[in-house]
Ligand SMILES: NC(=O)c1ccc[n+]([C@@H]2O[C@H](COP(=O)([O-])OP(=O)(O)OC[C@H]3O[C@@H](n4cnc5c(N)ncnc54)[C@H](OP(=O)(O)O)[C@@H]3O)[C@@H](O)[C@H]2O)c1
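Have a look below at one chain only, the form predicted on its own, in structure tokens format.
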Amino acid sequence: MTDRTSVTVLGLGLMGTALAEALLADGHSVTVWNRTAAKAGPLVAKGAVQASTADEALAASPLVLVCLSVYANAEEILACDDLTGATVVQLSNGTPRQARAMAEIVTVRGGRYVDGGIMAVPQMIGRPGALILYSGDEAAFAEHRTVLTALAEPRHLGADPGLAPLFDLALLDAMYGMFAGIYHALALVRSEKVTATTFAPMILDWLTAMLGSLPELARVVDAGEFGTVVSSIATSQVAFPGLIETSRDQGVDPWYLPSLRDLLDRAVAEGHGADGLARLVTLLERGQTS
């Protein structure tokens, strides 16, 4: 049993409910609030206390978890209250800019602010393998770390509250980008009546082999050592027209491929054709060009 800290959970969607259930299972006193009050019923049956207003919920606990659909909803709730003595942990989806603005709102009202990025689905909360990234007030995080461990592995990234949403979005970026390629690859083979089930194991084997090079890729980017003996940007540039042409021939939307081709073309035009593909990171960091 962990320290029986009283915790408030604002927002009882799928994730907020999962957070409250994990805290109850860990023996904490949990106060809950949701705009649609009926959503609190199942949690009350498990021992939670339902607050009639958001103000009442905020006053009930020294640790407040906010899990609403957007930051604007949280800002509306937190902007009108004295938060002296409270640690607010924001677990809504947002951006680094929004997190820093929310930190200002909370600290001006006497509270301590921690932002979080949940790297798990609701069914994973409270189970091994779940991860929540945090950033912001380091003392507040350290004080409540034991409680937060009931939800998922807690990993603090630094004092800047914008770091957790930045890492959250960057990890999602990597995931969506990878799956974009997978979806497109499946569309290509299905154009010849090959089932996704047949082709998926080959994708898994291929990507698993390629991801083994990720640590070295990261080292190359940080060191600025872009020379390669494997596959250069110029080699990839030559191959790309065939990939786009095949997509069109097969009746498959090329989708993201022209944008990647344009980035390769830009790299070659800037004299980086002999470099490895990791060089593209530096072009992306400079933003779009006219």
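Owing to the predicted nature of the structure, the values given are computational and were not obtained by experimental measurement. Numbering starts at 1 and follows the sequence shown.
Heads up, the form predicted together with the ligand isn't pictured, but that's what we're talking about next.
Residues placing heavy atoms within 4.5 Å of the ligand in the model of the complex fall in a single listed stretch, namely 89-97, out of 187-195, 105-113, 201-209, 89-97. With the partner omitted here, the residue from Ala164, Ile118, Leu151, Leu78 that has a non-hydrogen atom within 4.5 angstroms of the ligand in the model of the complex is Ile118. Of the candidates Val64, Val32, Cys67, Ile233, Cys67 is the one whose heavy atoms come within 4.5 Å of the ligand in the model of the complex; the others do not. The ligand is not drawn, but in the model of the complex it has a heavy atom within 4.5 Å of Asn73. Among residues of the shown chain, Pro122 is one whose heavy atoms approach the ligand to within 4.5 Å in the model of the complex. When contacts are judged by a 4.5 Å heavy atom cut-off, Leu277 does not count as touching the ligand in the model of the complex. In the model of the complex, the ligand sits beyond 4.5 Å of every heavy atom of Ser52. Contacts with the ligand in the model of the complex, taken as any heavy atom within 4.5 Å, map to no residue of 237-272.
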